[in-house]
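Only one chain is included here, represented as structure tokens and corresponding to the form predicted alone.
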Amino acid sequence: MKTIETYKAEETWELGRRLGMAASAGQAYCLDGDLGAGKTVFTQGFAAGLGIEGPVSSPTFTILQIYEEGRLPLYHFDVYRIGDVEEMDEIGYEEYVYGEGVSLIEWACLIEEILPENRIQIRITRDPEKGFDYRRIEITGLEDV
């Protein structure tokens, strides 16, 4: 596990960008953290690292947003509102996660039982005592960060 501390939203974004630049087809990035932890900021940087220039927002109500304009397709899931794991079948989850693009799944802990075994796990936590924008980012399943 690698732990990275960021002190500004721009640093969290930049970490996402670096990981997006290094991402390869078939990878699944599983993102967890409380509301307001910085998952969307990280994802926006990740998308930029893939060469996606348009706006990127969390697909909380649509569950899945597909971005195809980068060097690889990005399948951005937000499963916060999933009531049952079976709902993931209805949107073609496996087609995307095991497809030719990169999957980024926010709130991945809610669908733990169907996540790929080989995945990159990212946990973002806040610590108000270290500052409003401080984030502790723990990454497992990735060699270099």
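Everything numeric here is computed off the predicted structure, so don't read it as measured data. Throughout, we count residues from 1 along the sequence that is shown.
Form predicted in complex with a small molecule: not shown, discussed below.
- Only one of 35 to 43, 92 to 100, 62 to 70, 112 to 120 places residue heavy atoms within 4.5 angstroms of the small molecule in the predicted bound form, namely 35 to 43.
- Using a 4.5 angstroms heavy atom cutoff to the small molecule in the predicted bound form, none of 2, 14 and 142 count as contacting.
- In the predicted bound form, the small molecule stays beyond 4.5 Å of every heavy atom belonging to residue 22.
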